[in-house]
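First, one chain by itself: the form predicted on its own, in structure tokens.
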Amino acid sequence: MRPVDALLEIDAPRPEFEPGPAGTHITIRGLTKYFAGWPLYENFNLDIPKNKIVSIFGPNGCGKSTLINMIAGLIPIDSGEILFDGKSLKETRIGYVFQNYREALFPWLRTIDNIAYPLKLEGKSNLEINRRMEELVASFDVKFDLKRYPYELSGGQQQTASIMRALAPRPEVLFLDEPFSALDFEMTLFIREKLQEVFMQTGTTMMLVSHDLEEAVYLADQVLLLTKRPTRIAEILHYGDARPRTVETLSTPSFIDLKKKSLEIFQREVRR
């Protein structure tokens, strides 16, 4: 390349950011991420709708958790742009529920103080914090002692506290990275229903990474199916069954059909 050509390329204007369709909350354009010189995401575009739950499912190693970590600002991107309702991440209030809840909570703080931590960072008064704690305790029907330290609680209780902490500041977007993977079945059912209740009450946009297809479909308004790396969108499936969804939902024709189609797409991508 001639020096003048290189100069022209450097000075070339960036392509205009293309907004998503009406109702889009998170707009991702040109997302690129390399690991050890190999592309994981390359010029990846995606629109996440507002007031919906989007479940992310795909082959092992396709970067499901990496995707929400990049959107949430926990992992830097190599290039691209991500906007939330036209705003930057710094201008957006988000919540994050980690897979490893044992490491996500501060062991030196009581559970109630862990939950209140985001509100203290925002500079809320003690009165405001106490009111919000009362709302969350009532919403989750908490029966265990929040004055105990996290290591004194069961795994399900710790993850409940993690979700309450993520919801404490009333986030615009809630990210959940396999939040049920380390829980027993009883606790999974409980937290799954609580998340659904919170969503119905608040309409908070949620992005859920799951390794369990039934769980991914059950909670979702959209199922985002990904390919093997370099990762692309295999398909986005829409699921419109009414909420609250219950055990009976699992046997409805619409649920069974969507789960079957999701599995077929997943198997197709794994075999490629």
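This structure is a prediction, so every number in the text was calculated from the model and none was measured. In case it trips you up, residue 1 is the first one in the sequence shown, and so on.
Unshown form predicted together with a small molecule; subsequent notes refer to it.
Enquirer: Between M206, I48, C62, A216, only one gets a heavy atom within 4.5 angstroms of the small molecule in the model of the complex; which residue is that?
Expert: Exactly one residue meets the criterion: C62.
Enquirer: So which of R229, R29, K52, R245 reaches within 4.5 angstroms of the small molecule in the model of the complex, heavy atom to heavy atom?
Expert: Flagged contact: R229.
Enquirer: With the partner left out here, check for me: in the model of the complex, does some heavy atom of E178 sit within 4.5 Å of the small molecule?
Expert: Residue-level check for E178: yes, a contact with the small molecule.
Enquirer: Does any part of L40 reach within 4.5 Å of the small molecule in the model of the complex? Heavy atoms only, please.
Expert: Flag for L40 set to yes.
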